[in-house]
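For reference, the chain that follows is the form predicted alone, supplied as structure tokens.
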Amino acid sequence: MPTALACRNLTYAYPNGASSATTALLRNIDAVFPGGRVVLISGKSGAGKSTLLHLLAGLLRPTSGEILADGQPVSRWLTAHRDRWRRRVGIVFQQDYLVSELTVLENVMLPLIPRSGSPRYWRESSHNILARLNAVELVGQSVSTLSGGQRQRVATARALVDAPDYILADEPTAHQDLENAQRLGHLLRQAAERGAIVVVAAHDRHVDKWLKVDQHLSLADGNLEPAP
């Protein structure tokens, strides 16, 4: 299992904008996200929470500084190496990015298909994670028929089905009622207990009530600091 995901002197500016630390969206961030813990990053909309998660996931490259996974500078790796590392990362995006032509079950199975295992294993694993997210009754439906909350649960199931070592969740309960938010919180806590690194971004700092976070950080004005 991973020991830590870290930012070292991390700065990010939009490619078509200025790149100095004073105008960057994220400025000189130093942070460590250890394995076995759930970390919440809160902050206002537009503060850069999604950008930070995308940097941690290797979907964006820093303007300066680096991302380290277990001490390895993954943000500096070539695309092929970085893509292989990302197979260990489960990402819950704000937008669900479900494939409209596929059923719910087929969408959740997608991350498993390039891995080892049989189609039976893929189906059983997908059924199991959907059941834990209160969505198993949706397995045969087209995702185009789902509500916003259902789509979010299916997208979360897809991100977690392969038991990733790194879990990065962006506003994962934005469309959920309290019961389903608590279900997700329980899943993320269990992932941390098996040693995964779990980082959740949310504009509502009170989600720590159901998430039971180990560390709460606040992102504001490009800086990441312990939440007051």
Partner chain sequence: MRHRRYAQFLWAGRELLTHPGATLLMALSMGLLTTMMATGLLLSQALTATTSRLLDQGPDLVVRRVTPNGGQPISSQAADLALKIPGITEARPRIWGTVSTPQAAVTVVAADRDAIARLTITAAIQAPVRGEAVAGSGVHLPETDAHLVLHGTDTITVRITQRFPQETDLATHDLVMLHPDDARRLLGLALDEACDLALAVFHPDEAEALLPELARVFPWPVHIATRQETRKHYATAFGRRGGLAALLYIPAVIALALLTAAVIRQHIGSRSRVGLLKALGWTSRDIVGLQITKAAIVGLPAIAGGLMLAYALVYAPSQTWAGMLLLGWQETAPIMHLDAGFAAPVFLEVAGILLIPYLAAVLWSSLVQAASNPHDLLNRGN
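Positions refer to the first chain, counted from 1. Source: prediction; values computed, not measured.
Keep in mind that the form predicted in complex with its partner chain is not shown, yet the notes after this line are about it.
- The partner is absent here, but in the predicted bound form a heavy atom of Leu59, alone among Ala174, Val32, Leu187, Leu59, sits within 4.5 Å of its partner chain.
- The single contact residue among Val136, Leu146, Leu102, Val74, judged by any heavy atom lying within 4.5 Å of its partner chain in the predicted bound form, is Leu102.
- Screening 59-67, 176-184, 190-198, 41-49 for residues having heavy atoms within 4.5 Å of its partner chain in the predicted bound form returns a single hit, 59-67.
- Taking non-hydrogen atoms only, Arg153 never approaches its partner chain to within 4.5 angstroms in the predicted bound form.
- Looking at His203, you'd find every heavy atom of it more than 4.5 angstroms from its partner chain in the predicted bound form.
- In the predicted bound form, its partner chain sits within 4.5 Å of a heavy atom of Asp83.
- Among residues of the shown chain, Leu130 is not one whose heavy atoms approach its partner chain to within 4.5 Å in the predicted bound form.
- Residues are counted as partner-facing when one of their heavy atoms sits within 4.5 Å of its partner chain in the predicted bound form; in 87-102 these are Arg87, Ile91, Phe93, Tyr97, Val99, Glu101, Leu102, in sequence order.
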